[in-house]
Structures are given as C-alpha cells and as structure tokens.
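The chain below stands alone and is given in structure tokens; this is the form predicted alone.
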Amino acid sequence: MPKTKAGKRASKPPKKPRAASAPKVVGAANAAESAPPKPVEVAVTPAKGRPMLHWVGKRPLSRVRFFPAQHMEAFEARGAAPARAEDWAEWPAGYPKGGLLFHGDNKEVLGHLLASGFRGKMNLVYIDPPFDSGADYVRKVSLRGPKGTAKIEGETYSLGEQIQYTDIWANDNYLQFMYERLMLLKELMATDSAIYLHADPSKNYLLRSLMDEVFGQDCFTNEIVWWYWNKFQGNVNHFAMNHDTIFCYRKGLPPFHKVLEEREAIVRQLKRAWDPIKGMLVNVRDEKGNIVYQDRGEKTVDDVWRISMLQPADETENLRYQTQKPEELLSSIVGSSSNPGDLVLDCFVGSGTTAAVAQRLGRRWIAADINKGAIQTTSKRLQSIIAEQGEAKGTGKLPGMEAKDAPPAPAQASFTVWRVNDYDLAIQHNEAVNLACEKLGVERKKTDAFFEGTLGKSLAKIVPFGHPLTPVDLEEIKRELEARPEEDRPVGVVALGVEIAARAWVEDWNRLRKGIDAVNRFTVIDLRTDPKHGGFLRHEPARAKVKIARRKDTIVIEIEDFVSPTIIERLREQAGILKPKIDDWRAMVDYVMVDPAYDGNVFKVSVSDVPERRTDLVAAKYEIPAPKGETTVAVKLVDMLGEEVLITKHLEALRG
C-alpha cells in the first residue's frame, strides 16, 4: 500500500466506475450500434529536430488514445452540385464526403483523426492557438433586433460578455500543451504539405523553437509579419505593438502560388508613412507642374502582410468573436499554399475563418474546437456560405484576393458536426468556473493549470459541471497531488452533484488524514445541496412553444414563443430589482434549424434560418415539403448565448 504524506498507509480507494457507454461512434470502422470499441492507442513518431527546449514535466508523446466520435448534425445545401469524385478517392469510409466540424479537446480530436484513417492526409494546416497571454477571451453578446438590446423601464442593456476560453497557463504546462499538439499535427500532414502557426510576441520565440524541434529547422520556410496597420496605439512607456507573427514550415514540396497586392492599396495603407514608399512609385508632374506619385500596378506580396484588423462597424464579416481573424489573412495562406480540392485543417477554429475561407476557395476542410460557442459560430457561418454557393449567390472572391478568373467550384456542399468525448454542457465550463469562483470567494491563481485557486487555506478544484463528482475525478486529483510531493494543503472539491461512490471515496481518503498535522484532506462542496453555498447555480433550461402540423404535402411550423431564463436573469442582474421586458421573443433567438425526418440521432438540417445581420430576426414560420409516409419533425432553436432547445413531433402519414 502507498504511504500518505503524513506517513500513514492509505487504504485502497473504491474501484473506478465503468465509463458510461457512448452513442453511435465512428472511427476506422463503421458506426457501432451499442458501446464503443475498447480504447486503443495510436503511435506517434518521435521528434528529432534541433534545438530542443526543456521544461519541467516535459514528456515525449509516443502514443495517443483514440476516442470515438458521435455524429450530432448534418447540413447540405439544396440543389448543390455533387462533390468532385477525384478529391475524395482516399477519403476514410467512416465519414461522409464533406466538411467535418469536431467539438472536443483538440488533442483527442487529432488522436481520433489519426485512428480513423486521416494520417498523412492534410495538405495544409493553420492554427491560431492560445498565446499564453493570461487573458480571458470573451464573446460580446447582444439580443437581436434593430437595437440589439432589451428595454428595462426605458434603459437599454446588452447581454454583456460570455467567456469562451481562459488563456491561463503555467509556462511549462503551456509548452507541453503545444508540444503534444504539434506532434500530432505532424503525423496528420501529407508528405508535401505546409503548416502555418499564428503567434504574438508573448511566446513566438518559444513556439518557433518547438516548431524546429518537431518539424526540423530544414522545414522552416517563412516568418511572416502581419501588420494590422490600422491599430494605432499610444506609445506609453514602450513602442506600440501592431503586429503578429506567423511561422510557416513545410514537409516536402507543397504547392505555392504567388499572392499579388495592388500598389494603390499599399499607398492607402502606408499614407501615414509616406517616405518609405516613394521609391516604389514613379514621380511625374501634373499640368500645373506639381509632383504626383503614380501607381505601377501590382506587386508580389512579401513576408510583411499589411492587412487591417476587423473593424467594429463591419456588419458582414465581424462576428464579435474576440480572437477572430480577417478572411483576407486566411485567404493569403489558403490561396498560396494549397490547390483546389486540397484538405485544410484548423484545430483551434474559433470563429471559423479558416473553414469559411477554405469553403469559398474550393478546398476541403476539417475544423475543431473545445468551445461550444466556437462550434455554433462556425456552423452558422458555414451554413450561410454553403447556402449562398448552392444558390449561386456567392462569388467565392475574398477581400484582397480579387481574381480575374472565375473562383474554384466548391469542393463540398455539405458538412457534419461531431462530438469527440463529451463536452456538450448546458452552461459553458469556463463561464461556470468563473461564476462559481465569484460566488464561493475562490482566489484565482493564473499560474496553476490544474487547481482553479485557493478557498481560504485550501486548494480549490472545480469539477466540470456536465456530470456529478465521481471517483474518477477524485483519482485525477490524487495523481496531481502525488506529482506535488511538497503540497500539504487541504483540497476543496466543488461539484454540481456527487455520486454515492465518490462520497465513499472521500470518507475513505479522509479516514487516514486526521489531526492537526493531516495533509491533503478533501472537502466536497456540492453546489446543489450545500447548506452554505448550494442552490445558487440552478440552470433553468430555455423553452419554446412550437406548432408543427401536416397540411397535405406540406409541413407547417410556427414558433409561437421562446423564453430563455438565462438571458432574462442576465438582464435582471444588470437592472437590479427591475424586471426586463423583451417585446419580441425573436430577439433572444440566434438561429433556427429544421429536420423534417429526424431519426432521433443525427440532426440533418433541411431549413437553416440564419439572419444575415444582427439587426434581423428569424422568420418564425416555415413551410417545407413533407416526406412521404409518417415522419418525426425536429426544430432546433439556438439562443444568443448558445443554448439549444430541441422540439420534436411525430406526424402520421397523410390518409387518402
């Protein structure tokens, strides 16, 4: 038996419970009808590049566990041309031929792709990972409608900010995080492919060293400076920082196409720094004898890209996603380093810019993110683009990429959404953690990647609220403490519900840790039942009133009402004791989707009502062709905070 830090022998904790069986899964084989296959591990080639960084806790990644994927949604544009067969000849049989959007930790997603037949298939990779900035990234959320607000006795209030993810790391943990993902990306890349890694000055020097180690110095191709020239900051104790860095590494000889830039655009961008560009222009005099500067036409883009950041007033591209990058930036990468039909991967997809640009430029794409808000934002964005392409409305041209020739035909007219592992929480984990820390009085510690902070004299660990506390969670905390032999503080475990087996585990653990010198005693705070702290985190789900009826060969859907208690509560908190008034329930609804033949498993989008502008509202009434025979109609409403409501109704076959 192992010894405790108090010198006592610990009794054996209860056995771990069996993992819950997953829904239908896909991998290298067809979907399983019951439980997923036993976990398997996928081999990863070691890194042999130089120089090699060293950090506390560095672990080589030789194997990664395979996790199953559950098919969640499917979208296909009406009347779209079929996919080009030659592009999909080596596509793994377990997946439909179209874009793939994965919800889950990208380490698990990348491992899943390796095990599912995608090793060596990626022609281009772009990643915009967290920069270890110590910042909380948020999405600004408002209601739909002309004002984008709700009125509370004459005052207007928005929904504020929704935490998307927290960029808080201990330096060593950040390096291990990036090291493992770069190793997996290398395995997925084709023999003639390129990877672009987006960084800022806070960690770009370390990330380049990691890239050298994983891919080798010989694969280094470019250090690109993205100068977002319109962001003029004041020089307060330092020079203004107006650029990011993008590193390009290549395997083999991938394609490369020149990117051209209009001289006139350069003049506009550099008008505040005129002298450096005089030599690029031809000096002539006008009829009055004054010297003027004429444009020579176009130039080949070099490794300094002068591209504006997204403007707040932009109502077409700006999705108010804090780390969103402009499509012009990604079009330069995708357009220069891939061919139509190539496969593009982004496993930190965020607002979906990489997938959107790949779709516009006739490339296939795979995207992933751990944040549910990112998945919903990307899905909504791709639905609009593919629908436009299916209706021949989209030109395929992007800012800064005005091509003389016709744009490439779309490589796919559909995409599917998958979930690797289980991250489908009713409330986003990062937002829930911040809420719990605020209510409990937890002092956050940005240097600790495992514990959220301290609660009094105890370490605080908040278990994800998507499940009650289990012995598996407690074993994870135990392993972390074993890796910290000098840590003797007690541990406060915060959870939303506690399994009986977990309470027995804690009792058994604490039985051997009594007295004033006992170390690492566990205290469990159940936010559902705790007499002091319990009850504050009650999630009342959104609800909708929807009428669904068959009228001969047509299905008529009428959404009569929608209520999001979470949105109402947010507005109430801003207004104090005043009750918020929302004149039109559609202000709370972001978009609506309909599946007229729902099978109870995969939501296949037939109607997608995604308002083009934030000032627009959903239609609320839909008439669609009815399938022959009996069917189940499903209507999915997504509110402005990303919460989903699914309404279904079974319709009998039309008689007579």
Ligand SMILES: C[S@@+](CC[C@H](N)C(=O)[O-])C[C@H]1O[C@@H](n2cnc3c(N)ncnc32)[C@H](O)[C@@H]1O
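All residue numbers refer to positions in the sequence shown, first residue = 1. Owing to the predicted nature of the structure, the values given are computational and were not obtained by experimental measurement.
The same protein also exists as the form predicted in complex with the named molecule; that form is not shown, yet it is the one meant from here on.
**Student:** Residues in which of 555-563, 122-130, 70-78, 505-513 have heavy atoms within 4.5 Å of the named molecule in the model of the complex?
**Tutor:** In short, 122-130.
**Student:** Looking at 349, 214, 184, 442, which is the one with a non-hydrogen atom within 4.5 Å of the named molecule in the model of the complex?
**Tutor:** So the residue touching the named molecule in the model of the complex, by this definition, is 349.
**Student:** Among 305, 95, 177, 118, which has at least one heavy atom within 4.5 Å of the named molecule in the model of the complex?
**Tutor:** When the named molecule is considered in the model of the complex, the option within 4.5 Å is 177.
**Student:** May I ask whether 106, 353 and 369 all come within 4.5 angstroms of the named molecule in the model of the complex, judged by heavy atoms?
**Tutor:** Every residue of the spot touches the named molecule in the model of the complex.
**Student:** My question is simply whether residue 419 lines the interface with the named molecule in the model of the complex - judged by any non-hydrogen atom within 4.5 Å.
**Tutor:** No, residue 419 stays farther than 4.5 Å from the named molecule in the model of the complex.
**Student:** Is it the case that residue 323, even though its partner is missing from this view, gets within 4.5 Å of the named molecule in the model of the complex, heavy atoms only?
**Tutor:** So residue 323 counts as contacting the named molecule.
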